[in-house]
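The chain below stands alone, shown as C-alpha cells; this is the form predicted alone.
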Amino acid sequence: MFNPKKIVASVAALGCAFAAFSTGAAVQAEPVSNSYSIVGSDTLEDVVNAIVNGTAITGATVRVTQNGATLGSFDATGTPYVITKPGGVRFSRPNGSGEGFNALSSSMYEGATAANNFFTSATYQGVGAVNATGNSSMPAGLKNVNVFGQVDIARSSSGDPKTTSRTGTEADATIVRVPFARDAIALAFTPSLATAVCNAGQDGDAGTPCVPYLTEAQLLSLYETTSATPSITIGVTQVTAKGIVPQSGSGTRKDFLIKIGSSSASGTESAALTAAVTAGRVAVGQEHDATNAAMTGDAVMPMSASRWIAMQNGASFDKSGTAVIGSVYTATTLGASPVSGTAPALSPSTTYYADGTWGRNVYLFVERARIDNTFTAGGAIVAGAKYDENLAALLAPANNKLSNSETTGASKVGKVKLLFGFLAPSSTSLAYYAPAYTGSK
C-alpha cells in the first residue's frame, strides 16, 4: 500500500490563523476544492478543517496542501447542499460517517448501473437545521444526484460504517481504511441529570464538580425503555432520564448502540430501540451538539471526548451548551472522567481512551486503486491505471500529512490533532472494504 512512483508532495506551513471557512454567499458558504474533497464524520470535521485550511493552534503555522493545491473539507451540517469541485454538481450534504462512506462509494463507481453513482442524504438541512425525520422535505433536485468524481476522502468515526469489510484479497475490496487518530465515546449530561446521577452515588471522582457515569446496562435499559416516563435505576434510586441518540448515518450512533448492546455487530438496530425512538421515548439529535433541541430536562447523549476537549479549549465552535461531561463505567474506566485538566487546557485521559470498548480509532476512507498502484480489483482494474501519486502521498502515514500522528513538534499535523483532543491511533494497520452504493431513493 502507498506505492508512490514518485512523490510530489509537500506540507505548506502558512501564516494562516486558526481555520474557518470563507463565509461567501449563503447558498455556497464553503469553498470548492482545488484538488481533493473530504466529506463525512461530524466528529472529525473540525480537526480536518484546521489541518487543510490552516491553523496556528500549535504555536507554529500548519497547513496541508498537495503539490501546491488546497484541499476542501466539508462539514456534516450546514447548507442543504455542497459543491465540492470546480464546475461540479450540487448534491445533498453528506451528514456523518455512513453518508460520507456512501458518497465516496458513489463517487468512485465506474460501471453499467448508473444508479450506483446516485447519492441522496438522509437528512435535509434547510434553514440551518437538520431535519431528523429524513429527506422527505428535500427538493427533488437534490435527490439521486450523480456524484461521480466529486468525493475523494471520507471522514469516519466508525471503523466499519457500512459493514462491508473484506480481507483485502477480494475483487470488491476497493476501498481502504487509513487510521487517523484515537478518540473515545463519553457521555454529555444536562446539569440536572448529572447532579441526580452523582447524588445517587455514581460520581466518578467523588469530588466537585462531579463526574457522572452510567453503566452499559443502565444505558441499554434507557435506550430500549418501554416506559412513557423513562428512568435509570441506580442502587435503590430511580432517576428520571431521557436518552438522545445521534442522527441516522452517524458513526457515533452506530458505535454507541453496538457498545451498549442495542445493535448487532452488523449495525442492525434492535426492535426495542426502534420502538422507543418511534414513540418519542428516545429522542434524536445531531451528534456532538449538546445545544440540540432534545437536550433539555434530564437528558443524556453520547459525546465524542475529542469534540468536547476541542470545544472547551476554544479550538472548535462550542456546541457544549450547559452540558456536563461524564463517562461510561467499565472495569478499566471506573467511571472516571474521559478528559484531564481544566479548560481551556483539557487533554485526553489516556486511561479512558485506551479502554477496549469506549476508546476507538477514527479513520479516513479512500479508493484503494488511487493510492495502491499494485491493486487490480480481480482484473477489473489494471494495476496502476487509477493510481494518483499525490493522493497516495497525502494519505501515507510516514508523511507529515493527513495521517501523521507525531506530537513532538509544533509543525506536525499530529500535534494539531492532540490539541483537538485526539491521540495517536492504537494501530496503523490498513483495512479493506467493499463500496456501499446508495442507489436511487
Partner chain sequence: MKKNILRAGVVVAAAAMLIGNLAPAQAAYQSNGSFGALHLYDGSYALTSSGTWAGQVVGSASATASDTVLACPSTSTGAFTFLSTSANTGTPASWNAKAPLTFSSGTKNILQPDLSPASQVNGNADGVKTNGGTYNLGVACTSNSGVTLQAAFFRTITVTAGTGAWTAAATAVESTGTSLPTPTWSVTTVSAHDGREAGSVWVGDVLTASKAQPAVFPADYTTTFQWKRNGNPIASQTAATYTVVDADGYAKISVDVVYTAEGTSVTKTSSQTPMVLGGSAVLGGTVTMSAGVSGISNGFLELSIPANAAASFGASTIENNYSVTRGTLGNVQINDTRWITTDGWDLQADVATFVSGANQIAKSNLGLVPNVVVASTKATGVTAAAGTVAGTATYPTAIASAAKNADLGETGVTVLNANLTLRAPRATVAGTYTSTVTLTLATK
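Positions refer to the first chain, counted from 1. Being a predicted model, the structure only gives us computed values, none of them experimental.
The next section is about a form of this same protein that is not shown, the form predicted in complex with the partner chain.
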Could you tell me which of 167 to 175, 274 to 282, 67 to 75, 330 to 338 sits within 4.5 Å of the partner chain in the predicted complex, going by non-hydrogen atoms?
67 to 75
Within a 4.5 Å heavy atom cut-off, is Lys386 in contact with the partner chain in the predicted complex?
no
Any of the heavy atoms of Asn400 lying within 4.5 Å of the partner chain in the predicted complex?
yes
Residue-level contact is defined here as any heavy atom of the residue lying within 4.5 Å of the partner chain in the predicted complex; does Asn373 satisfy this criterion?
no
Partner proximity in the predicted complex: Ala377 to the partner chain, non-hydrogen atom cutoff 4.5 Å
no
Which of the residues spanning 56 to 86 lie within 4.5 Å of the partner chain in the predicted complex, based on heavy atoms?
Ala56, Thr58, Gly59, Ala60, Thr61, Arg63, Thr65, Asn67, Gly68, Ala69, Thr70
